[in-house]
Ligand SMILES: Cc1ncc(COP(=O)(O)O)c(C=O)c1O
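Only one chain is given next, in structure tokens, and it is the form predicted on its own.
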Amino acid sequence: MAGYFGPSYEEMLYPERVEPDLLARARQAAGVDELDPVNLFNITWKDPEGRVRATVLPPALTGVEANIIVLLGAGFPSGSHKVGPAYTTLMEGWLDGTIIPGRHTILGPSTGNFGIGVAYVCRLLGYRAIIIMPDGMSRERYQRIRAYGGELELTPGTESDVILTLERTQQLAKDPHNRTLAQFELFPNYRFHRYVTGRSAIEAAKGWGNGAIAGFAAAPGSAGTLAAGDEIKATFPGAKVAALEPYECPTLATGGRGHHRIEGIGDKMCTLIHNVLNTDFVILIHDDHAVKGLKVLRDGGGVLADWGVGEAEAAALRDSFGVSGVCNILGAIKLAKQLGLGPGENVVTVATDGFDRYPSVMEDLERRSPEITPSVLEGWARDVFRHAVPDHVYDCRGREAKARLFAQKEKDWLPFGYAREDLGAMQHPAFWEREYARVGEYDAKLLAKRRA
């Protein structure tokens, strides 16, 4: 394993290009021994048959004629696609010589899934990991991090207080033995999602409707997933990209602040790696709609059956999504309606994880809503899915809107030591293309290590 370290970007996109014996070992380890380091070669959107793990939601649920295609992140090692950027950030640091095995402790600022991914990758590769995150997240996140041997450094608050997490990380990073996998600001996150997620989304859409992608919707936490939209636009220039935010914390939309219940998104900032040049819309989603929508998918099988959703289809939906996944689905529905899409047209979104890290969120909902009868579920289903009208949609295509987003980025990142000139460079497409081109550079470095 030491000679391989892990997969290249190309091998994550095309796992069939991994050395056959190594790929066979990885597939055998999946689901049997998740702590075998060979599982790094299971970091891919593809299933063992080479198909992108994705589902097309029943129109009876979405209420739109366009196909809503959801890439499913729960099939990744550690249960979330966030393990991909956790791995690539560590991999690039190792290749650059800034992260040295046996010498450095890894810091992972996160609100959950990225931290789980960091703890997991560090466990496989033998690094000590400290995960810095708010103390108000779901208990399943903390349990999973500890199970992988990660140490927790908790800061006050919840999702919308991630700035405190970044400040604490900055303090810990002063120790020369610590190295930060900074998902909000380091470009391996951007590269993974543009190359691996973006091209996987394009492949997933080929089998549906006209085979093109008319829209891509994703909620930014780190904004890594939004980078897939850059690759989608490169292939389908007419595609529109929507960034989704909690209605309760509309930072990109209006500069607003607030607390919300959608874990993994809405972090009161415009992240450094967010290419706002390619953001066409910001769409706000009520946090309670995302939570109640998840409850409907979990326990509303009878309601869905009445709507015409088949029993097998409803069963497949029960474990496939978390709260942020439902948020993304609602954003995709709203985007389809905003664009007036019809039969044969496709909108793609992503489910970061599955239900396994949200039982405590459902318990909280049940405490707040003790009488969840079938009629209540039917009302929630109607309000959340069928009535997902394209309201609170902010058009970000104009010069004034772009200037506002860049100003937000400066406000957020100048205090962390970034120069105004460096932030200004991000206002030009050439900056993002240069960063993307480094995929080939790092793949070449990794292959050279293998041959050495």
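All of these numbers come straight from a predicted model, not from anything done at the bench. Note that residue numbering follows the sequence shown and begins at 1.
We do not show the form predicted in complex with this ligand, though everything after this point is about it.
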Would this ligand be touched by all three of Gly108, Ile131 and Thr169 in the model of the complex, meaning a heavy atom each within 4.5 Å? no
Report the residue, out of Thr88, Asn346, Ser222, Ser200, that has at least one non-hydrogen atom within 4.5 angstroms of this ligand in the model of the complex. Ser222
Flag Gly293 as yes or no: does it have a non-hydrogen atom within 4.5 angstroms of any non-hydrogen atom of this ligand in the model of the complex? no
Proximity of Tyr120 to this ligand in the model of the complex, heavy atoms at 4.5 Å: no
My question is simply whether Glu263 lines the interface with this ligand in the model of the complex - judged by any non-hydrogen atom within 4.5 Å. yes
Would you check, heavy atoms only and a 4.5 Å threshold, whether Arg144 touches this ligand in the model of the complex? no
Heavy atoms within 4.5 Å of this ligand in the model of the complex: which stretch among 353-361, 169-177, 297-305, 277-285? 353-361
Contact check, 173-207 vs this ligand in the model of the complex, heavy atom within 4.5 Å, ordered by sequence, gives Gln183, His193
